[in-house]
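One chain comes next, on its own, written out as structure tokens in the form predicted on its own.
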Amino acid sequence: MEIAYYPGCTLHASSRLYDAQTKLVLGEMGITLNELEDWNCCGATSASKTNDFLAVAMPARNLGIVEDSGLSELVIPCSACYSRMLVAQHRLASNNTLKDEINAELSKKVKGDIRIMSILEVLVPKVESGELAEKAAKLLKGLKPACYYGCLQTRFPYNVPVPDDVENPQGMEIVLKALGAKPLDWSYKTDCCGASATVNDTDTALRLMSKIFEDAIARGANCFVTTCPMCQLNLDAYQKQMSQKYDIGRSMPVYFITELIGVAMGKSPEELQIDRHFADAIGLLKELELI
């Protein structure tokens, strides 16, 4: 099975481990990821704040590349990129004038026929078919994750087609339960972690993160799991600073969903690059005898 793949800037930079894990675990399930040739930045949050035209044109160019490839499905692990692509596709479908203006400058035109998927839209059907369980070499016993979706995968400025409940999404829970983990019900799974405000308004970002941590700890979580590289980076890299400021008094690993799938498949910490986290992510897995 071959699917078009858009890693986006983050998975080629600060979250390269997520890129490697995604290719590894999906490859184990017979999925070949065809990375877009000559892809460009989707604009992330920056373009939408500064230039409405570029906020659509930048992801549109990538959609045109997918359509030219002959593939009909595109998977995007990054929540920000996923959001921008979905929104751009919606804007183009609802505004022929804008679509014609953008297509006039593109060598590879956008028609609007591509199915855009988050990584969970690829993984959940593998649970339902039983394929994921078949690939698991061990169960994730003892893991009590707080599944953290953040806001970019659940809040959209338009009514775009997403398969999960944006108020109480369950995709990660479905995947992790199938692998023997016991994800917790908690209150902050779609709250904002501060995103890029960690750079220009660190105090606000740390306050938002402290609420996320406090609720997860109160519910009995022993780790976070996410699909968003921005959420993962914030909760991981700023964890020590946030803990000191708000007297949290406890550290917790922040895993990508692909990381734990890889562990269940019996992949080594080296293959999965688990040692690249800021907060210790190996200790808990060793304690639970998962690695």
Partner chain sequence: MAGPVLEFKPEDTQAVVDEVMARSGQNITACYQCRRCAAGCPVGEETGYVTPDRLIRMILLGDREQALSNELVWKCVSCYTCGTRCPNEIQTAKITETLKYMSKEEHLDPLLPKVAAFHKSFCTAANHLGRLNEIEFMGLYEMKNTFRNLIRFKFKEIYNETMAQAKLGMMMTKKKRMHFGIEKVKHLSDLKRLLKKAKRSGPLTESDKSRST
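Computed from a prediction, not measured in an experiment: that's the story for all the values here. Positions refer to the first chain, counted from 1.
Omitted here: the form predicted together with the partner chain. The next part is about that form.
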With the partner chain left out here, work out from 218-226, 66-74, 260-268, 30-38 which stretch has heavy atoms within 4.5 Å of it in the predicted complex. 30-38
Exactly one residue in K144, K177, K138, R207 has a non-hydrogen atom within 4.5 Å of the partner chain in the predicted complex; which is it? R207
Wondering, does I116 line up within 4.5 Å of the partner chain in the predicted complex on heavy atoms? no
With the partner left out here, check for me: in the predicted complex, does some heavy atom of L152 sit within 4.5 Å of the partner chain? yes
If you check in the predicted complex, is E105 within 4.5 Å of the partner chain, heavy atoms only? yes
Can you tell me whether K111 touches the partner chain? I mean in the predicted complex, with a 4.5 angstroms heavy atom cut-off. no
Those residues of 215-240 which, in the predicted complex, come within 4.5 Å of the partner chain by heavy atom: Q232, L233, D236, A237, Y238
